[in-house]
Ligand SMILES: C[S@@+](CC[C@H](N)C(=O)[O-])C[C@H]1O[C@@H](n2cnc3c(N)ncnc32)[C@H](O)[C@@H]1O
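Before any questions on binding or motion, here is one chain by itself as structure tokens, the form predicted on its own.
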């Protein structure tokens, strides 16, 4: 993948100004926030901590860190921060920036979290190194990205064909690549982090669930890109959308792998 895809996620597919974009993001957050916040709590998120929320979206995790975990400060970074508009308060600092910008130096933190961000970006290995470098001694890094668990016996259903078309369209259009996500624990160890571990979570994909709503809105917005792959036609996409809303929906949808690690509490910096 080349840098040609840099910054194209919003411009080419999911425009921040779209009237339903915040709703789409919030549907995904409703599916994944509970397990994310549980892991953040287990990693010690709480008073006395300064946190960096990368790709903050509509701010659901940033608000949880402040209001529920009670951290001292959250710096919320995103390329587009319009969904974070409104009174930030003294403990929330909103930074509009591109994570691929080498000039970005947001400071040092006790906790850094990035969810569904790295998989869309070029040079993600370099970005992980930078995130690890922003940790205070003893600070923790939590990464979360998508993994696909397709049914090996189902290659021809409308659902499977549409989901496969989506991943191909995301890759060819904006550079999304989830193939290396399972390697995140190895990447964190290579950065010199300790206590590295990972877990996989697949939220229920049932009719009327937030996740079904997220995929439905995503596929509707991507119709031209889906059919352009040649994997599906318009009728296949319609069949897949109808299936997402049907009581008979029964799929193991894409999951999220979370990997985490800690910088040496004695102050040793990760290798670069």
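Numbering follows the first chain given and starts at 1. No experiment lies behind these values; they were computed from the predicted model shown.
FYI, the form predicted together with the ligand isn't displayed, but the following is about it.
> Is there any non-hydrogen atom of residue 100 lying within 4.5 Å of the ligand in the model of the complex?
Close contact exists here: in the model of the complex, residue 100 approaches the ligand to within 4.5 Å, heavy atoms only.
> Residue 29 near the ligand in the model of the complex, any heavy atom under 4.5 Å?
Because a heavy atom of residue 29 falls inside 4.5 Å of the ligand in the model of the complex, the answer is yes.
> Consider residue 111 of the chain shown here, and say whether it contacts the ligand in the model of the complex, taking contact as heavy atoms within 4.5 Å.
Output for residue 111 is no: heavy atoms all beyond 4.5 Å of the ligand.
> Residue 79 near the ligand in the model of the complex, any heavy atom under 4.5 Å?
Flag for residue 79 set to yes.
> Only one of these stretches, 199 to 207, 56 to 64, 234 to 242, 220 to 228, has heavy atoms within 4.5 Å of the ligand in the model of the complex; which one is it?
Going through the listed ranges, the match is 56 to 64.
> Looking at 181, 188, 143, 121, which is the one with a non-hydrogen atom within 4.5 Å of the ligand in the model of the complex?
So the residue touching the ligand in the model of the complex, by this definition, is 121.
> Pick from 71, 132, 166, 117: which has a non-hydrogen atom within 4.5 Å of the ligand in the model of the complex?
When the ligand is considered in the model of the complex, the option within 4.5 Å is 117.
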